[in-house]
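One chain comes next, on its own, written as structure tokens: the form predicted alone.
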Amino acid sequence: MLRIGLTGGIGSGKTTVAKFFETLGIPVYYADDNTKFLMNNNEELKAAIIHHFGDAVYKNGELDRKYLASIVFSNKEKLELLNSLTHPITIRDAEDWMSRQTAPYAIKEAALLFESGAADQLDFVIGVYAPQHIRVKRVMKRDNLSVDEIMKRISRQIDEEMKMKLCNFVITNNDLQLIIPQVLELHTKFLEYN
């Protein structure tokens, strides 16, 4: 079974592309969703987060994501610390999940595939590209964040142009090109590997 990564910057449309692959019967591991789950349910990870970020990071046993985001997205060292706690556990969880899949290929969707080192465990990586002004507009609408908050998050990821050069394939999601034909072309290509 092929292990495929799917990545792109915030607001690029990774989830939209992943959903198209799912409609084709391809299983998708959503790293962000699973990390949130693990941060609330993995006792080892919860203890480490509380140890480094304080008791206030959890309210009534649930992660206060907004509070944690206010800490890590304004302090590079704190973000790196959080990533050093979450990435190994999420990568291990994704590897366990991948080992249980029976489809011709499976996809791991994650914003930080290269930054976390998770790309090393994959056969191919698909990048989802959208120009920054479109990404900012999408995230403002989706998450109700200010331009400043979005730009802080963008600045914490590797340059989008560089990220796309690291990918084996790129899907362009710029509101001008159709996504479905690009997904179908890659789907056919991946099926041919089996």
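Model, not experiment: these values are computed from the prediction. Residue numbers run from 1 along the displayed sequence.
Beyond what is shown, the protein has a form predicted together with ligand ATP; the following relates to that form.
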Would you check whether ligand ATP, in the model of the complex, lies within 4.5 angstroms of a non-hydrogen atom from each of 9, 138 and 142? yes
At 4.5 Å between heavy atoms, is residue 179 in contact with ligand ATP in the model of the complex? yes
Looking in the model of the complex, any heavy atom of residue 22 within 4.5 Å of ligand ATP? no
Using the partner position in the model of the complex, report whether residue 185 sits within 4.5 Å of ligand ATP, counting heavy atoms only. no
Across 165-183, the residues having a non-hydrogen atom within 4.5 Å of ligand ATP in the model of the complex turn out to be 173, 175, 179
